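Below sits a lone chain in structure tokens, taken as the form predicted on its own.
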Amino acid sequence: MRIGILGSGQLGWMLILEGRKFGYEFNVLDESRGPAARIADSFYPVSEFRKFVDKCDYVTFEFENVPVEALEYAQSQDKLRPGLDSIVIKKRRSLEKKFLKDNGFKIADYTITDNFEDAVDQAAKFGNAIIKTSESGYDGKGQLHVVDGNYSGDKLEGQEFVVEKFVKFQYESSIMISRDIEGNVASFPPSFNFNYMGKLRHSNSPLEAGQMSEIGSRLVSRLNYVGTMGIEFFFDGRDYLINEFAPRVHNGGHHTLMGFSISQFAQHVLAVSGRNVLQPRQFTPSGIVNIVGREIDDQLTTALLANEETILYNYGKTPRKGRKLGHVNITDKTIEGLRSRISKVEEIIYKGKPELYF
């Protein structure tokens, strides 16, 4: 079995690491050789997308902003999993919001506009709102917080903007949910997410599932989805509102690499390759700390590995401020103990000054 991955970032890298367990081979297509390309069986430049697809049994993607021509060709060959519909919806926030609303999923109030000045006016009507570019943008990029028509930061550039009413949520959470070609659905326990400057800083699981598993199951079934999906929720004290979904493996599921019977990555590979997904079992509370903008040198590696129940994932990327360079998986027997370990690891990485790195 040979699986093709569009994109060569750390998500593809972890897909390959976990997929090796099943004896599979992997091809990677990208403009440049990222972490996944360095361990793939074969690497193809984007110009050779047809050859790449032809050499694979199935094709998946590790990021939304991948070459459309490669996606469309893989779809035409009945090899693309998940299918093109999910990524087309996701590539424009306006389409994602419309899909969720039209299908009865609870989301924040929003409006769409085609120029920035009008977006600010619409945000002012909400009082407290977030303006997001409809295309591109992630990890806090391509968005502005507007309060009573005032904002700090540069004007956003784009042809379409989504203006969302700010949700006063009690917490943000993620759920990883997988579906196979036979329609079987398997859900991981949700995680609590702590974000900082638009990026996930740490997470811990389990969190009370509430309605998240049921909502996730409806979403992947409605999309006829095959693979693992990440869904981010806001809980406002009454309802679980979908913030966004990612039609791929996701940073919000990295904690499944430790303390679980199967990871989000292995589950995705099983589904994409035509096998049945498995019902994951969580053995112990599990979480992660992202390493952002901080070089993972020998000193930091030694300090992190000296902690019990930790595993370091170094993506091998060139350090720069705001860039995700790795993460640390952490477990403990109790959720309280896990949170304490997370705080200790964060102190080792950031020395109490995360603002220097994010």
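Note that residue numbering begins at 1 and tracks the sequence as displayed. Quantities reported herein were computed from a predicted structural model and do not represent experimental measurements.
Here the subject shifts to the form predicted in complex with a further copy of the same chain, a form of this protein not shown in this document.
Since exactly one of Asn184, Ser76, Asn224, Gln279 fits, which has a heavy atom within 4.5 Å of a further copy of the same chain in the predicted complex? So the residue touching a further copy of the same chain in the predicted complex, by this definition, is Gln279.
Assess the spot marked by Gln211, Ile335 and Arg339: is a further copy of the same chain within 4.5 Å of a heavy atom from every one of these residues in the predicted complex? The answer is no: none of the three residues contacts the partner (heavy atom, 4.5 Å cut-off).
Which one, 65-73, 43-51, 287-295, 308-316, holds residues whose non-hydrogen atoms are within 4.5 Å of a further copy of the same chain in the predicted complex? So the stretch in question is 308-316.
Taking a further copy of the same chain as it sits in the predicted complex, is Arg275 near enough to touch it, meaning that at least one heavy atom pair lies within 4.5 angstroms? Yes - in the predicted complex, heavy atoms of Arg275 and a further copy of the same chain come within 4.5 Å of each other.
Does Asn27 make contact with a further copy of the same chain in the predicted complex, using a 4.5 Å heavy atom cut-off? So Asn27 does not count as contacting a further copy of the same chain.
Is there any non-hydrogen atom of Ser32 lying within 4.5 Å of a further copy of the same chain in the predicted complex? No, Ser32 is distant from the partner.
Using a 4.5 angstroms cut-off on non-hydrogen atoms, would Ile348 count as touching a further copy of the same chain in the predicted complex? Although a further copy of the same chain is absent here, Ile348 would stay clear of it in the predicted complex, with no heavy atoms inside 4.5 Å.
Note that a further copy of the same chain is not shown here; using its position in the predicted complex, name the residues of 6-45 with a heavy atom within 4.5 Å of it, in sequence order. If the 4.5 Å heavy-atom criterion is applied to a further copy of the same chain in the predicted complex, 6-45 yields Trp13, Leu17, Arg20, Lys21, Phe22, Gly23, Ile39.
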